[in-house]
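Single chain ahead, written as structure tokens, the form predicted on its own.
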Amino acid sequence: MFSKILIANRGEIALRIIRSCREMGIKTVAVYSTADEDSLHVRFADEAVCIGPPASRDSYLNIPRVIAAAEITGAEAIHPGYGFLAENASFSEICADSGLKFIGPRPEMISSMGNKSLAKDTVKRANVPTVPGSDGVVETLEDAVAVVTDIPFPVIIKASAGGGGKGMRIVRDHEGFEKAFMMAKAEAEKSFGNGDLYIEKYIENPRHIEIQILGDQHGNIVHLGERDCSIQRRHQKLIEESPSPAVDDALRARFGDAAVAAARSINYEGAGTIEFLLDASGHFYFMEMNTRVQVEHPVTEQVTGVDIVREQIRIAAGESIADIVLVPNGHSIECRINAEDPEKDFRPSPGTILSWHQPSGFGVRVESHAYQGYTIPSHYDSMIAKLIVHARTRDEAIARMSSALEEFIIEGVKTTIPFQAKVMRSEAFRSGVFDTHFLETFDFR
């Protein structure tokens, strides 16, 4: 087991990793930009190293500075958290070349699943259901037009290296296709330095269901059930829950088998998530794989009792996960508390927190790096906390989340709390019958 781990991230996920390391008797090193010197992850790590100015490219994405921080502090391993360098195959390889253990999959695993078109081809060979679409990357506009002659509209154009909805266009007829294709290509090149696109049949009104998997260095792969991430805006998740109200035991078994098959197709090691679209007829299709820990991992932890971050560290150290048995218990919901103004199209609301009181009590968990007097930087993601509840049933979990949201007081900046409180009270959410277009019809003002 490692004696010291550097955490190449910031905010609540850095704190989350610190907590697991502390329980395991492992020393931690925090890295931070000058904008984050007052963040709690800096305060609670055993050591902290400033690696640059606020811009991510000059700090959290600056690989030489992260590696140097690990070397000067004597860290043996690097945990990347999520975002930043977490799915960067080159970083994983550089860690290995520098004698540092990357707590995550090997470079070739990240590469095979980081390219969405390649990932789709890989899992298709493992008999995992995939959305009908192009055979790999579509090189030219002429090739793209040929593809959509065989796929009924609507279709969706996606960037192979994409994420967060960038380089993505939904097209409903031939008339707007050519323009949408060229716009998606330009956006993909600008956002990712890679203009490769692929085309799929667009699944109308789907649920977004993802399966948490773990794989070790001994060939063991297990799944920890599903999470429903359908409440989102602009492809960014806002509320997640486990289990999904749309998934019964039979469908759960099919999901789990498909996820394990997808992970086994690349002999996966580490924590990862296989994401699917579930249509109204009960058919599901592989969407992508995230080769890292997810923001929403706590709901799975609450339901299964498995510390996913701890398992990541154990796997990286060569330990076995053969003893993990899936025994789900109850229902968990997570709300991402963002410093955003829901009444102004979720516009970011950075600033200083003048008052902060977080909820507590039975079945309530808060993950946050913020506090009263903390100034939220404008340079990074706007999420400032995750509020997670666990209860015996979904109805009890909704009631507990409603109460916790009422108790969560943040003044000085706008947050998504009022919006999420209204979602919890709405019959549309309570019914469990909704899809990824929930916000398009939900009036929360």
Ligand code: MV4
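Here the structure is a predicted model, which is why all the values come from computation and not from measurement. Numbers for residues come from their place in the sequence shown, where the first is 1.
Just so you know, the form predicted together with this ligand exists too; it's not on screen, but the next bit is about it.
Interface membership of H208, defined by any non-hydrogen atom within 4.5 Å of this ligand in the predicted complex, is confirmed.
Contact check for E189: every heavy atom lies farther than 4.5 Å from this ligand in the predicted complex.
Residue contact check for L214: none of its heavy atoms lie within 4.5 Å of this ligand in the predicted complex. Shown alone here, T304 lies farther than 4.5 Å from this ligand in the predicted complex, counting heavy atoms only.
For this ligand in the predicted complex, the listed stretch (189 to 197, 282 to 290, 95 to 103, 140 to 148) containing residues with heavy atoms inside 4.5 Å is 282 to 290.
Of the candidates A261, V364, I156, A161, I156 is the one whose heavy atoms come within 4.5 Å of this ligand in the predicted complex; the others do not. Interface residue among W356, Y374, Y202, Y82, judged by heavy atoms within 4.5 Å of this ligand in the predicted complex: Y202. Contact here is defined as any heavy atom lying within 4.5 Å of this ligand in the predicted complex, and by that definition each of M168, E275 and T436 is a contact residue.
Of all the residues from 82 to 111, none has a non-hydrogen atom no more than 4.5 Å from this ligand in the predicted complex.
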